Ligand code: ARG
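The chain that follows stands alone, in the form predicted alone, written as structure tokens.
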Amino acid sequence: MPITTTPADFVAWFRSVAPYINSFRGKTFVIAFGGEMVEDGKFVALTHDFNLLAALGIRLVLVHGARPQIEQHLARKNLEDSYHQGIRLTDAETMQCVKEAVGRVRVEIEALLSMGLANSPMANADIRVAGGNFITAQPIGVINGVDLQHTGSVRKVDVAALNNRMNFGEVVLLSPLGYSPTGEVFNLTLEDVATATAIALDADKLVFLMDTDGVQDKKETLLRELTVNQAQAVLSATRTLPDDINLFLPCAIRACEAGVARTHLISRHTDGAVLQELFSDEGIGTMVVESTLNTLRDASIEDVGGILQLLRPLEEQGILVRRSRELLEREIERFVVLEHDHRIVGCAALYPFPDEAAAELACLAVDAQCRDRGYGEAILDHMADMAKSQKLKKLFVLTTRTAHWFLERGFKESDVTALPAQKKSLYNYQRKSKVFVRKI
């Protein structure tokens, strides 16, 4: 998100986040972060962001890790840090170090969440942190002949108790520990606790803070949005992936398949990463969803406001002819809209001229922040298919500014004589729009 430098920039930015604030109020977010956030001193800034989310009425469950702290405790006691197939082997001595490390990290987190310094982002925060035996665990057991002893996995999440605490306005803090009905304590992984909790709560978002910026393609370009199928394809590819992607991407897939609406993989090294990811359309990391967030559909009368927001900037620049709300309402059946995550980001209208077997493509507009995602071409293809289904033979557009865009997509420049008779009689010679035609 760009730094605001003028009052106008600030007002525009603040208005742009209003839809997210309205949408997120009362929703449940599970946010997971490793012990490194506390170890390197960056948790203070993250605390400010958690305070803001809580103040906006978001129900928060925070899941912390403690890997570096556990390793430090083991080193001080000259104990070996043993792993089997990537899973920590937790014997009795290691378990004691785990409990001490987790306890220390948890106290530090609760202390930072309790800050209320005047003239700081935590002023009047009044965050109440809830903890408890919300996670029932079971031992992983023996894997390929090796008993992992006190290393466990999540067996059950006490959803009623968690909801009860959040209903009282408390932020729930979960540690990577679980308890058995027989009174045993098990060492769990951060990602297992976070994923299982998000699934059990039917959370709206699951966020993992990790070392990399997100999932990248072969050209090291950040993939900002992945469906479950696309994420699975990334994992099954032959190329080597960063360790944290191999760790968290399967959790994101598991969560989305089980009903979690969105899972976000973002960098812990970026200040304000959670806010930038959640309160902007583009985000700064990778978002995993069960299926595509794009919907191309016929417009309805309820879409007029969203269409006007797309058209007005282009009309003010003289790119499009101004249309009144009343005219849009009368002609709304001519329009289609493209939604991304329930927000209108593109539109177009089709005006058929059956006698000449032609159709005009009008009001093709895409949100300025989304013009590099292929939305315009998707709308164009859809409108061409609509015209073809009506047995029309050609598509034409009138434009003053976007000639090259249409030329690159198979249109050829023509003149006013190529227009249907009715459209020709309405041609504005003062505007001098260029005519482009494409056979379909």
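All residue numbers refer to positions in the sequence shown, first residue = 1. What you see is a predicted model, and the numbers here were worked out from it, not measured in a lab.
The form predicted in complex with this ligand is left out here; the points below concern that form.
*Asks:* From the candidate stretches 191-199, 356-364, 174-182, 256-264, select the single one in contact with this ligand in the model of the complex, where contact means a heavy atom within 4.5 Å.
*Replies:* Looking at the partner contacts, the answer comes out as 256-264.
*Asks:* May I ask you to choose, among S280, T136, S82, T227, the residue with a heavy atom within 4.5 Å of this ligand in the model of the complex?
*Replies:* Partner contact (heavy atom, 4.5 Å) among the options: S280.
*Asks:* Taking this ligand in the model of the complex as the reference, which of V337, L74, M287, L148 has a non-hydrogen atom within 4.5 Å?
*Replies:* Residue within 4.5 Å of the partner: M287.
*Asks:* With the partner left out here, check for me: in the model of the complex, does some heavy atom of E110 sit within 4.5 Å of this ligand?
*Replies:* No, E110 stays farther than 4.5 Å from this ligand in the model of the complex.
*Asks:* Is K205 close enough to this ligand in the model of the complex to count, meaning some heavy atom within 4.5 Å?
*Replies:* Result yes; K205 sits at the interface with this ligand in the model of the complex.
*Asks:* So, in the model of the complex, is Y20 in contact with this ligand at a 4.5 angstroms heavy atom limit?
*Replies:* Yes, Y20 lies within 4.5 Å of this ligand in the model of the complex.
*Asks:* Could you tell me if D211 has a non-hydrogen atom within 4.5 Å of this ligand in the model of the complex?
*Replies:* No.
*Asks:* Would you mind checking 335-359 for residues with a heavy atom within 4.5 Å of this ligand in the model of the complex?
*Replies:* Contacting residue: only D341.
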